[in-house]
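Below you'll find only one chain, the form predicted alone, shown as structure tokens.
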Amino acid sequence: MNLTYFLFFICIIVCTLIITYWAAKRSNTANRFYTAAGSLTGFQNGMAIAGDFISAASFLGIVGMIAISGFDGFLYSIGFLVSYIVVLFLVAEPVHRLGKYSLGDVICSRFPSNQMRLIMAIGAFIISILYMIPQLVASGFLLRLLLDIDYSISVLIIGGLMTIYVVFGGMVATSWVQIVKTVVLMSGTFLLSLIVFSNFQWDISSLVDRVKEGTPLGEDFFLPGHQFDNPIEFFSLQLALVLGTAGLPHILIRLFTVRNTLEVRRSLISSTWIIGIFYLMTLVLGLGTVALLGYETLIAVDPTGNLAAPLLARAVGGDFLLAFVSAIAFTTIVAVVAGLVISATTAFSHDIFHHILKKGKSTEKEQLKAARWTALGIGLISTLFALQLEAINVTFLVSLTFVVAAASNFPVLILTIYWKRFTQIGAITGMVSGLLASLLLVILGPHIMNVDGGWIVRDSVISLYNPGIIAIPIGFLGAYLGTIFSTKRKQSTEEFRQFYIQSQTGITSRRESS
């Protein structure tokens, strides 16, 4: 075990545990546990959103994709970045005004029923778990590689830490861990980018020339078509990334952690700037990997390219910089997983325990107790899944998460806010059809059914790796058909008008507006 790596990891763990200890004293109410009592400023929340969104797949995966596939690797970043425009203009402010703790609150502000709340909670729980498992698997491989720790022990360490953050610190601890992660990630990535440029005397043309020499693609490195040779596959992926973010529960519940809609806008604008700058720096790191390491060296060490950033750090800064970059990756995983745990915890303890089981009559103490036990259970479930999936490639779960969110949560959210004729039956059928369609299409696709080492060794029924282009319309179609054929009473024009005014202004009735 390298002592430098070990000390960096210990430093990260100690710092985050200190934050949790500080936050535990401030998480003594349900409001503070779920949303930090709206105490974050817009910029603080923007950093936390960026911390929630930039996963290990973004930091490690995109640098490697750019190094291996060139221009196509950077296209992932564009989809991630554009997605925040959809969130900002379509859902951010209505979600903040209509909800309190969860997405179930938002939908039930128009369709109040336990059935609706249960389905939204199940959707949030599934999406969070699907996103959590690959993060934990990646953390197991990272710690095993750098510290020579057994995979199972690595996963247990990360799983234990994320559970501690949420059980004791709630949203306060989770938010500040994400803020610290964002500061460390941006500063480390910026430092590494500067070192890359300094190796070429700050001459971009020299960097570009070395990239052409270091890749077998030559000048074609900067042209599209090396990874996405099928335009439909590319469009389907981008559709899932752009629309999926607006349906991710762990991103949307962050809109409840600020005081008002002005801070919501500041949150999303600042997070968009942070994420945009980060992805530009990943472009520099991807180019630097090819120029300074070379394609052959990268592939020889790691054919997936996921270790491109750590290998680049070791090439330009030795063991110290490698330890720093690896610690950043570790912090990235911990922060994202903690955010996912808090979203799953909120869905279960607030929507199911408080509203359905206790019929909204549980005490503050009972809610906190249920939330902490829920966080413990979710941490245990996701850790057990990750322990069993060591030998299986689960990276597709990241893209599956966006497809599920875009096909189930997004249609229901958009139509609830903006369609006057939308009904509760439509919301339920849209949610269920989008969820089932996305899961079924992935099972029938090449991620699962593949003659070359797939989970099911046979030809896939669906050729698309990212079936968003099929699943998302099915979600909307299910919502539309459920509404059209619904026999329940539809909302009157006046009822929808009052709901719509509340979603756009926060005013709940004519009397309050006067």
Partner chain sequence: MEERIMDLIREKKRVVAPALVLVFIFYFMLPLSLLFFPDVMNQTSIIPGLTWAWLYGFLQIPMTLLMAWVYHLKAKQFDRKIEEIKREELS
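Positions refer to the first chain, counted from 1. Note that the structure is a prediction, hence the values are computed from the model and not measured.
What follows is about the form predicted together with the partner chain, which we do not show.
Visitor: Whether 180, 183 and 310 jointly form a contact site for the partner chain in the predicted bound form is the question; each needs a heavy atom within 4.5 Å.
Guide: Not one of the three qualifies.
Visitor: Counting non-hydrogen atoms within 4.5 angstroms of the partner chain in the predicted bound form, say which of 79, 317, 99, 294 makes the cut.
Guide: Checking each option against the partner chain in the predicted bound form, the one that comes within 4.5 Å is 79.
Visitor: Just give me the single entry in 373, 235, 190, 197 that has a non-hydrogen atom within 4.5 angstroms of the partner chain in the predicted bound form.
Guide: By the 4.5 Å criterion, the partner-contacting residue is 235.
Visitor: Among 145 to 153, 269 to 277, 301 to 309, 165 to 173, mark the stretch whose residues have heavy atoms within 4.5 Å of the partner chain in the predicted bound form.
Guide: The contacting stretch is 269 to 277.
Visitor: Under a 4.5 Å heavy atom criterion, is residue 491 part of the interface with the partner chain in the predicted bound form?
Guide: No.
Visitor: Looking in the predicted bound form, any heavy atom of residue 261 within 4.5 Å of the partner chain?
Guide: Contact check for residue 261: yes, within 4.5 Å of the partner chain in the predicted bound form.
Visitor: Does at least one non-hydrogen atom of residue 13 fall within 4.5 angstroms of the partner chain in the predicted bound form?
Guide: Output for residue 13 is no: heavy atoms all beyond 4.5 Å of the partner chain.
Visitor: Though only this chain appears here, would residue 497 touch the partner chain in the predicted bound form if you measure heavy atom gaps against 4.5 Å?
Guide: Although the partner chain is absent here, residue 497 would touch it in the predicted bound form, with heavy atoms inside 4.5 Å.
Visitor: Do any residues of 84 to 106 have a non-hydrogen atom within 4.5 angstroms of the partner chain in the predicted bound form? If so, which ones, in sequence order?
Guide: Residues within 4.5 Å: 85, 86, 88, 89, 90, 93, 97.
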